[in-house]
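Heads up, the chain below is alone and in the form predicted alone; it's given as structure tokens.
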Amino acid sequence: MARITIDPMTRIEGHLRIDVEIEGGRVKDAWTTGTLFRGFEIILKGRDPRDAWHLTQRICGVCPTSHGHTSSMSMDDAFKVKPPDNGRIIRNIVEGCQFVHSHILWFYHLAALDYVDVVSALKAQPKEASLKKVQEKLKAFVASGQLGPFANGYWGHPAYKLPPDINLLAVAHYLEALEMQAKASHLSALFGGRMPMTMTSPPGGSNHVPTVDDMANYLFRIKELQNWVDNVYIPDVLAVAPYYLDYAGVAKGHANFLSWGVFEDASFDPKKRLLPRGAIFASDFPQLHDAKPEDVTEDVTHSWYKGTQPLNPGVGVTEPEYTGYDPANKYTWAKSPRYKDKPMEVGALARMLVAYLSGQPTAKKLIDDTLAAIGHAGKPQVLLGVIGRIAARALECKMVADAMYGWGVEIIENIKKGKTEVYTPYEIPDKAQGIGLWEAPRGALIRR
């Protein structure tokens, strides 16, 4: 029996270690260890509750905005306050910038490295001057020997299947994607004050009052992002996918999915959000179920915390108790969340499946068109795998970018009508409890 340890696990947010036992060429057992103790529950004790939307953004450097919004929503609930229409839309826009930025980052700068052979791109014979220029830069980069952890995988490794011309195009778009990320962050800062760690989404709405000039700047830039997603990101996914179709059925997982929903509509009904709330279970897929926060528990049996019973986050405790790494007992700082005692997949695929089964028209059309194009019309189960997760992110990115343009138009119309309020005043009660249920690009969030 052999044991393999990967520590740290790269290209994720947070510190992670993976231990795997191999027997007869197959994985016999595995352990996932969260090696970083965060303790935000402890940090927030005794503070003004309004500090939470600032502090919780520090949980993640990739999706800080989502953590801040979720905290503000929990205080909206506790303080019994609802943002006015412009405040709701501004929050959606800032969140949308986070989603577009994150999906572009994930596909081009994290995931694509597993599929694109940058050395192979040197064999391409481009006709366009722009691609020739990229190839020259790439040649100098490869000659420098700075290929990093993928160096041994290049030079004709059979796992890389793209032809040279597509590899070169992907490298060129990798570089363009750096600029697109920056544009999404610029828009977030336009309404959020800065990025990361935005400053303008307190309980009650927003403290940024948009002007017509703001909106003109915004609409021009979001249109540029829309066009890039439509004409570069989506086509790149379609170009790469046919070469890796054998991955379509890989990593199906347990096929349980959860989404709290994200991007409010005027009703503030979570089932009417752009990406709505719901749960899906493998046992009766594709049946859609309500998602209720009271059905969530966190287990610490194998975590370095005191306590043994799984608890709902509303009554959960965080009392660290490090006892050393012991795979048979305790080996991680991460708690184990469950929904109705089941592990759940969260993130883009979960959100898009829930939206599709909810009948959300945009999600339904995007997925139906995708399924028809690959010869599986009406069969969303074929998305349960590696390729489906990549496609879900791309389709969600398009869906959000398109919605963001519409939200900008809504604000302009509101300004023309004299509706400029972005914030609803409130009083802090002596004692209250609230809950925020929202989504980061990479999954579901709860704040109490």
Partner chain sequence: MGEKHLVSEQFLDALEFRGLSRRDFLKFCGATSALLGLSELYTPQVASAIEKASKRPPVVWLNFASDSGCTESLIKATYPNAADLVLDILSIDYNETIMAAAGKQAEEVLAKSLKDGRYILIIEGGVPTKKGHGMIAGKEMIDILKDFSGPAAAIIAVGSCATFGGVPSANPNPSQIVGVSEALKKTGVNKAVINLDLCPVNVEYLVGVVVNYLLLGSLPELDSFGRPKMFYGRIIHDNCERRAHFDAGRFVEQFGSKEETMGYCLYKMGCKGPMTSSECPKVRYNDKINWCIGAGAPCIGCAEQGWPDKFARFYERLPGVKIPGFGGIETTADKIGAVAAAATAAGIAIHAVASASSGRTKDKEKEEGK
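Computed from a predicted structure; not experimentally measured. In this text, rigid core is short for the largest set of C-alphas that superpose within 1.5 Å between two forms. Positions refer to the first chain, counted from 1.
Beyond what is shown, the protein has a form predicted together with the partner chain; the following relates to that form.
When contacts are judged by a 4.5 Å heavy atom cut-off, Lys419 does not count as touching the partner chain in the predicted complex. Contact between Ile6 and the partner chain in the predicted complex is found at the 4.5 Å heavy atom cutoff. Mapping the unseen interface onto this chain, Leu36 counts among the residues with a heavy atom inside 4.5 Å of the partner chain in the predicted complex. Though the partner is left out of this view, Arg47 does reach within 4.5 Å of the partner chain in the predicted complex, counting heavy atoms only.
Considering the partner chain in the predicted complex, the lone stretch of 75-83, 356-364, 187-195, 295-303 in range is 187-195 [heavy atom distance within 4.5 Å]. Scanning Gly375, Pro343, Gly378, Pro320 against the partner chain in the predicted complex with a 4.5 Å heavy atom cut-off leaves one residue, Pro320.
When you look in the predicted complex, the only residue of Ala159, Ala251, Val212, Leu178 with a non-hydrogen atom within 4.5 Å of the partner chain is Leu178. The putative spot formed by Leu113, Pro149 and Trp333 is fully lined by the partner chain in the predicted complex; each residue has a non-hydrogen atom within 4.5 angstroms of it. Although the partner chain is not shown here, in the predicted complex the stretch 9-36 places heavy atoms of Thr10, Arg11, Ile12, Glu13, Gly14, His15, Thr35, Leu36 within 4.5 Å of it, in sequence order. Relative to the superposed core, His157 undergoes a C-alpha shift of no less than 2 Å between this form and the one not shown.
In summary, the C-alpha positions of Gly153 and Leu178 converge in the predicted complex, ending up at least 3 angstroms nearer each other than in this conformation. By 3 Å or more, the C-alpha separation between Gly153 and Asp246 grows in the predicted complex relative to the form shown here.
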